[in-house]
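Just the one chain here, the form predicted on its own, laid out as structure tokens.
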Amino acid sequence: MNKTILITGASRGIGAATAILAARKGYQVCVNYLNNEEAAQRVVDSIKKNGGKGEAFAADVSSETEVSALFETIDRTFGRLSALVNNAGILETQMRVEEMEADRLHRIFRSNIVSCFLCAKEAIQRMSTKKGGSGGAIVNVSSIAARTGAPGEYVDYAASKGAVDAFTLGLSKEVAAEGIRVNGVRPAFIYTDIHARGGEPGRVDRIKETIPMQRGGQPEEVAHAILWLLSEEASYSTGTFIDITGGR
């Protein structure tokens, strides 16, 4: 039986790299995107060019209605889901907490943590052995900011990723006896366009000398950790995290 994976926010960066690697490992890949259909289709085209199976699925994963419709479409297209990567997330322009407004906070938490709850809810309905499923695995993409707090830059983003960590731990214990493993990765200093969204596209190069390995990371390096946590090689791992930070 073919395994099906959903990767949220998979049109760029870590999500795109994870989608391409998952296809190489034999998954049928559901490439979720919000607005950039062209970028998502490029990921799908890359998957198919190399003999894999993948399709792009538009959905706002912070919307309960759209998440429900997304999973129903995946059911019809590829069948029962066996793996979920909660990767979708945003940050906004660097600023101090005293400058942040409620609308920004709502956007950050909707995108970065509400989406994880909604997608996990639907995935569990399909994976849980108590509900007739065959088990599965979930990986949540957190950030080292959950541990550092990102002062002066993204305290709201860091707080949302701290919530992702707590969610990962709690959910892992809640569904462990139902054949579902839940783990997380905490990347940092990765070359993706998320830094441009924060107003500093060259952020990784600015701070790379403070990283023990003296360089930034590539999305593919995070993707390999995600796919390992989803694999049978990690069959006795749940509620754990891999930090992908160059030693920082």
Ligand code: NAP
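If you're wondering where the values come from, they're calculated on a predicted model, not measured in any experiment. Heads up: residue numbers just count along the shown sequence, starting at 1.
The same protein also has a form predicted together with the named molecule, omitted here; what follows describes it.
*Asks:* Quick one: is residue 168 in contact with the named molecule in the predicted bound form, heavy atoms, 4.5 Å cut-off?
*Replies:* Output for residue 168 is no: heavy atoms all beyond 4.5 Å of the named molecule.
*Asks:* Flag residue 27 as yes or no: does it have a non-hydrogen atom within 4.5 angstroms of any non-hydrogen atom of the named molecule in the predicted bound form?
*Replies:* Looking in the predicted bound form, residue contacts with the named molecule do not include residue 27, since no heavy atom lies within 4.5 Å.
*Asks:* According to a 4.5 angstroms non-hydrogen atom cut-off, is residue 50 in contact with the named molecule in the predicted bound form?
*Replies:* Residue-level check for residue 50: no, no contact with the named molecule.
*Asks:* Do residue 56 and the named molecule share at least one heavy atom pair within 4.5 Å in the predicted bound form?
*Replies:* Answer no; every heavy atom of residue 56 is more than 4.5 Å from the named molecule in the predicted bound form.
*Asks:* So which of 71-79, 139-147, 94-102, 126-134 is the stretch with heavy atoms within 4.5 Å of the named molecule in the predicted bound form?
*Replies:* Result for this chain: 139-147.
*Asks:* What are the residues of 53-90, in order along the chain, with a heavy atom within 4.5 Å of the named molecule in the predicted bound form?
*Replies:* Contacting residues: 59, 60, 61, 62, 87, 88, 89, 90.
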